[in-house]
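In the form predicted on its own, a lone chain appears below as structure tokens.
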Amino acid sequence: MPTVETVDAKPFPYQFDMDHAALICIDMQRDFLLPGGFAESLGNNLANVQPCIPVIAKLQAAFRKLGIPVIHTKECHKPDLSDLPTAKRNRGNPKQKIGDKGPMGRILIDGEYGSDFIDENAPVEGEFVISKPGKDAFYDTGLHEYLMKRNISNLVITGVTTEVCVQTTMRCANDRGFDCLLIEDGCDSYFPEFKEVTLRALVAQGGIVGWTAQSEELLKVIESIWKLDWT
């Protein structure tokens, strides 16, 4: 018999079975989070996306200790740019475009230093890593098949940025029948006001896309069940 757990969440408590859950960490890449990366070259304030890093690290540690899958996504493209639409490469008319040489290698190209994960949130051996060409972690990836094979129905979502890849993935997961919990302090945006509005939109109309909660509420549930100390 599955054990149903309950997390204090918005717009109402989130119930799930840990045996059918997974943690998804979206795009915690050097190009988006570190000086010299693509995001900084676009004029973004990196300080606004730093707070979620230790939160995600704490959640990763908890899920790993429990043996619950941790999934990582990175937005990147093939070296020959065959999966990069012209409209995306030219978006915003940047001085440095995707595929160009940057301080950390070719920008958002799979296998380059900048497209890889920051040390604090990097995958460990055996964890599922997705290279995705777009905002949706399900598009042109094996994510859906991975989740179905493991009978996963509940997704705990973290990462950057809240209003772009995080929101897009959560909406697409919802359309596929997954119950999603977005960790409010485990996601960030270069524009705090965008994050605030996105969090409100996702839980509007009785949770039209899913739930949101603070990480401490989820960790509190884990600690109470397994008597583990995450401090």
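Fair warning: this is a prediction, and the values are worked out from it, not measured in the lab. All residue numbers refer to positions in the sequence shown, first residue = 1.
A second form of this protein, the form predicted in complex with a small molecule, is not displayed here; the remarks below concern that form.
A.B. asks: Name the stretch: of 200-208, 52-60, 34-42, 174-182, exactly one has residues whose heavy atoms fall within 4.5 Å of the small molecule in the predicted complex.
C.D. replies: Looking at the other structure, the answer is 34-42.
A.B. asks: With the small molecule left out of view, which of Arg89, His144, Lys78, Lys135 would have a heavy atom within 4.5 Å of it in the predicted complex?
C.D. replies: Contact check passes for Lys135.
A.B. asks: Do Thr161 and the small molecule share at least one heavy atom pair within 4.5 Å in the predicted complex?
C.D. replies: Judged by the heavy-atom cut-off of 4.5 Å, Thr161 is in contact with the small molecule in the predicted complex.
A.B. asks: Going by a heavy atom distance of 4.5 Å, is Cys165 a contact of the small molecule in the predicted complex?
C.D. replies: Output for Cys165 is yes: heavy atoms within 4.5 Å of the small molecule.
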